[in-house]
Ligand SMILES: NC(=O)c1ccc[n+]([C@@H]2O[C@H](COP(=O)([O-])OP(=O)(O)OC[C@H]3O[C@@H](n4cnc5c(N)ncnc54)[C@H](OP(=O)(O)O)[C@@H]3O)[C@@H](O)[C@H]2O)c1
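Only one chain is included here, represented as structure tokens and corresponding to the form predicted alone.
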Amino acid sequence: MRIAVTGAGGRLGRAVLDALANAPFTGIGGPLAWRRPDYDLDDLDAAVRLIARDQPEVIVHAAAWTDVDGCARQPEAALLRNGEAVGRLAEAAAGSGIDLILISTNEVFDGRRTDGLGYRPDDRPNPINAYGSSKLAGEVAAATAYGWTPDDRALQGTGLGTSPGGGPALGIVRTAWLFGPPGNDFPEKIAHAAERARAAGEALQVIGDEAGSPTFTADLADAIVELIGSGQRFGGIQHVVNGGATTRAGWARAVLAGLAIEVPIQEVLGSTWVRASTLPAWAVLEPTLLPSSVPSSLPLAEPLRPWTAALADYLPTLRRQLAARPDVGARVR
């Protein structure tokens, strides 16, 4: 199976390439890595050129402009990269009979939920920032290209991703709070911040009123590969996150405990920091059960493992990333 991955140089793209390299159904030459300069979100004709050149059977669209503050400052650029570019890719893929997995975000929801439950795929999106709006625009553009209609409730439910007449499938995979190699993620940033606070003899201030679903890119990538290899149509909307939820402060405590960095943590409101974007306060997704590629009498696999278990597996890699920066890594015990 010829599988192309956009954003192949990014955090998730790299993880998907690694997972696909070990998949038994991936072609002899391995997955196709579409990255800049060949594939650039600002080049709306790139998808057509690459599809004609490589003729993939499946595309995993992991490329996106994920700088939420940058999106807030440049909403037109956000719509171009996360909306219009997705539409052009989806039109080219659907027209060539190619299945598409589109990676989306929890920020298509407003975060105002107060019942303590995670957002389900059939909850109505209502983004409150430019990043979420641009990603929802991408979902709508892809759904249109693959023949979903408003009457299908295509952006409000699962199992709807096959075009009329049994054409190519569209799967929208929403996820949240990604962490993993090559670093510069929340765990690494919080470790740096904690060391600075400890050196200054201060408490580490971390947001306590923003909750989400931390998700390990390796686990998400494995789930995407399971979807592709399941032998079932992966169409529809899936929420793929590690199990459980926590606040930014709770996540920080888990990271610092794992790294044995001792520093007082002061929980503060998100409004403490003035920033260009407004983030959803409740960014928790309820994970969906995914089709299993393992033959079984059960039609569905288990959801991803808890985020705490995923973080524990990531900690050795995180330690190596910190050790590569002597100013911080040398002080991590």
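Numbering starts at 1 and runs along the sequence shown. Keep in mind that this is a model prediction, so the values were computed, not measured.
Not pictured, yet referred to below: the form predicted in complex with the ligand.
Using a 4.5 Å cut-off to the ligand in the predicted bound form, each of Ala63, Thr175 and Leu178 places a heavy atom inside that distance. The ligand in the predicted bound form comes within 4.5 Å of a heavy atom belonging to Tyr131. Interface membership of Leu17, defined by any non-hydrogen atom within 4.5 Å of the ligand in the predicted bound form, is ruled out. Not displayed here, the ligand is approached by Leu12 to within 4.5 Å at the level of heavy atoms in the predicted bound form.
At a distance threshold of 4.5 angstroms between non-hydrogen atoms, Ala143 is out of contact with the ligand in the predicted bound form. Between 102 to 110, 116 to 124, 202 to 210, 189 to 197, the stretch whose residues reach within 4.5 angstroms of the ligand in the predicted bound form through a non-hydrogen atom is 102 to 110. Here is the short version: of Asp69, Asp40, Glu286, Glu57, the single residue with a heavy atom within 4.5 Å of the ligand in the predicted bound form is Asp40.
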